[in-house]
Structures are given as C-alpha cells and as structure tokens.
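The form predicted on its own is given below as one chain in structure tokens.
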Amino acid sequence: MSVKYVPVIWNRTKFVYDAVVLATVGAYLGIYIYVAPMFQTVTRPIDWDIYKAQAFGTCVFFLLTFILCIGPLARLDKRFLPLLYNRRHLGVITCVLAYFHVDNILGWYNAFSPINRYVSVFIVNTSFDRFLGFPFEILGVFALLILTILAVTSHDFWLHFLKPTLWKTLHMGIYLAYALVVAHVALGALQSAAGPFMTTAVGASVALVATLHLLAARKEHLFDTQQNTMDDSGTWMDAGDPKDVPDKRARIISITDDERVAIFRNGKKLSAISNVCAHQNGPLGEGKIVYGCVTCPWHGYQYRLEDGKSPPPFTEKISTYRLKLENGRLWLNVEAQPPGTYVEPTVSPIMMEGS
C-alpha cells in the first residue's frame, strides 16, 4: 500500500470469492422473487414490486449478519480465514444491494405522490414519540449512510490516508449500521409479518452474531490472561521450549492484555516481531514465512524477520523484539524495539532445520 494504488488488485482468489458471492446473491434473489410467490397462501397476492423490495432488503440483512460472523468465526477456527481476506468486497456488494432495496421501496410507495420520494422519507411520518408507528424509515436511511461511508472508504488509499487505527475505528461503524438495520426491520417489516418465520430469522441472526462474538472474546481473554514466568529484572519472559516453535511458523506470546508477540522459526533461527500487521492489524503470528519474509494471513503483506521491514519498494515496518536462549529455554525481552530496528536472530543449536 506504500507504493501505488489501483482500484482492485485482482487475482484468482478474488475472482472466485466474488463469483461465489454474486452467484449466491443471484440465487437468493431469484428464488425469493420468482419461486416464493408460487407458495403464497394469502387471499390477495403480494405485489411483485413489494416482493423485489423484500428480496433486496432481506438479502442485505442476511449479508450483514454473515459479514459480522466472519470475524469471530476466523478467531475461533482458522479454516474460516479465507472468508476474511476479501470481506471488503462483500461489504461493497451489500451496500449496492441496499440501494436497490431503497429504490424499489420508494418507487412503489411514492409512485403517484406529488412529493419528492426522497423528501417523503423525512416528512410523511414524524411520530417520533411512539414505539408502534415510529418512523423506522429514518433508521434505514442512517444505516444506508453508514454503509455508504464504509464502502467508499474501503480502499487501501483511505486506510493509508486515515492510518490503521482511525480507519479501523471508522469501520467499526458496521456494528451501529447493523443495530440500525435490526431496529428498522423490527419496527417496520416485523410489525406486519404474516407469520413467525421472519421474526424467528431476525432473532436467530442477532443471537448468532452475539454468541459468536462472546465465544471469540472469551477465547481471546483466556489467551491474554495466561500467566508467563518473568525473570528477576521483569524484562525477560519465559517463551517456552524453542522446539515448540514450528518451522516457517510462529508461536504467539501475550505480553499484556493488548500486546502480542509472534516468535517465528526459520530453520535454526528464531526471531520475534509484533503480532500486528501495519496494514489492517492482521495477526502476523497466524501467517507463515514465504521467501524469507513473514506473510500476513489476511492480505499477504510481508515483513523481514530480522528488522520488521517490508521488502523494497514497500516501506511498512513493525516492532521487533530480542530473544535469548538460556538453559534450553527461550526468553523474550518484553520491551519492543522501535519499528524497523534490526535484531540479530537467535540461533538454536539443538534444532535441526525442518524439525
């Protein structure tokens, strides 16, 4: 991201990812619009335009639910990581579908109204003092605004411009958007739902998102609160048996509740770097060494083990840490070196390359 920006750096994985998403969305919309009406049990058939609006709306809701489940699923089981890599594409698709939903709704309800259909959202229903009858449309507008901001700023240009911390904070707005969508559905569509299906689906979706986040948080908390032995100086932490560090991979050590270090082994050499990628704060310790560089499992950003710098022409850099071997144990100095600082790798004579 430090060299140049292009709209999308396409590769085979992204093509497959987007193709699967678009095929799934297309199948869902096709079934909802063309197949589901065949099974109507109402005396007066629902208008086809309403079916389209419902199809896009429910698709957006379930996609948002899925997006919010990807993060905790990847923390609980690494097999879900491939879903995480191009999650931004999924977010942009969701935003586009939300605009289709809005266009269909406003087009149908304001087809013969002299009031501008966009203005009508803000002036037709102003019963803000009621629960039933609350202008839920406003909630949908605010949710759409948030989704638009997130879609527009999803590119790496904005990540670099805003810096990772601010960019990540901004994109946490997805949770507020989801809450607004849930309220929008609960105060709107669910009030006129003919059966229990949609109410059950919405409730189960919210419960699933909450449960997965709680489980992932519990797992992270248990890891961060593990007790590690410190030496008398309080600067060196026992990092365990060096043989427990897999070749080309890492062992992650928690220093504090919000700081982790990834100890990598490259043959006989051991090096320690920050576990946080400079791109999107991805967990470097879950990546692997490729062509001599640690490769982030999220988006493939690479760093040299000895100094934490990305290979030229890239300029990203992360903190490094000192290691030492003592009485067959590996010790980690918990004081981080400035990003890009060279630290001599620790060589273990008791480990054979590839062991």
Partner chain sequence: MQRAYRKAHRTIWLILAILIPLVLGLALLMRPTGTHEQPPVPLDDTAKSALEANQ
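Positions refer to the first chain, counted from 1. All figures in this text were calculated on a predicted structure; none of them were measured in a lab.
Just so you know, the form predicted in complex with the partner chain exists too; it's not on screen, but the next bit is about it.
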Checklist entry - in the model of the complex, does each residue in the set Ala186, Ala210 and Gly282 place a non-hydrogen atom within 4.5 angstroms of the partner chain? => result yes
Item to check | Options 233-241, 154-162, 172-180, 141-149; stretch whose heavy atom lies within 4.5 Å of the partner chain in the model of the complex | outcome: 172-180
Checklist outcome for this item: In this chain shown alone, the residue from Ala74, Val206, Val102, Val92 with a heavy atom within 4.5 Å of the partner chain in the model of the complex is Val206
Next on the checklist: Is Leu97 part of the interface with the partner chain in the model of the complex - any heavy atom within 4.5 Å?
Outcome noted: no
Checklist entry - According to a 4.5 angstroms non-hydrogen atom cut-off, is Ser254 in contact with the partner chain in the model of the complex? => result yes
Checklist entry - Does any heavy atom of Asn275 come within 4.5 Å of a heavy atom of the partner chain in the model of the complex? => result yes
Item to check | Partner proximity in the model of the complex: Thr229 to the partner chain, non-hydrogen atom cutoff 4.5 Å | outcome: no
